[in-house]
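So this first bit is one chain, no partners, the form predicted alone, shown in structure tokens.
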């Protein structure tokens, strides 16, 4: 399969590298890593085994990639103003668009531009960071869940799940995209925001009883808001939250992507992870006051707000 990766950060490089190693024809749109990867290839370090790709198809202009069978979108949601322009040269009649971006609203943007039938959304629970240019450090996790934007469980998403599994990526084909999006937000909303705001990794926040309690309370708000959405079945409450807390404790002092973005001086994905979920919760008469406060504090401490 010919695959184009738009947004070759840690997520895009990691999954794209695994797909290429499995024999897929992968083409990366590169920015920071372009020169290093063109010169020396792409290195992935991982608890599952390090590997190096000597030759990588890398480009600085998506028009040079041309039409592909699958577009894998890992672009940060704060850059979505560029998403359609970057993606358009890769789209042909039979192209599938799979966005693994954080938050809500990404599929709507792609569907409006290219048609809902082309769009698949997914969530990646992945602990991965970029190192030196041309290097990606996979730390833990990595499973993907995907579902079509326009319909329930389909042969298309089942085929994609097989493709990812063959590359060593755990992948579940699902029927309810809205549900899996909100499930990921239960983790993303408290941990991404609190780590970015405080400068503390997940382990430090969970080791403090007060912040651990705050995280659990935010998770309850997100679960309650999710269960007001049109889901095929509701999210589990306390059991799901307990499992997420235990899972994150096992990750140690992990730095979520939003914390890394703030440390690097990059914008935060505030609209996709906070703004749109808060709007959709409010539309269903389910306010999230703690989440709204965190959103306000993050917005106020963005460089352009200071």
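Numbering follows the first chain given and starts at 1. Owing to the predicted nature of the structure, the values given are computational and were not obtained by experimental measurement.
Although it is not shown, the form predicted in complex with a further copy of the same chain is what the next lines describe.
- Among the residues 175, 208, 112, 143, the one placing a heavy atom within 4.5 Å of a further copy of the same chain in the model of the complex is 208.
- Interface residue among 169, 214, 86, 124, judged by heavy atoms within 4.5 Å of a further copy of the same chain in the model of the complex: 214.
- Screening 145 to 153, 178 to 186, 126 to 134, 196 to 204 for residues having heavy atoms within 4.5 Å of a further copy of the same chain in the model of the complex returns a single hit, 196 to 204.
- For residue 289, a non-hydrogen atom is located within 4.5 Å of a further copy of the same chain in the model of the complex, even though that partner is not displayed.
- Heavy atoms of residue 294 reach within 4.5 Å of a further copy of the same chain in the model of the complex, making it an interface residue.
- When contacts are judged by a 4.5 Å heavy atom cut-off, residue 1 does not count as touching a further copy of the same chain in the model of the complex.
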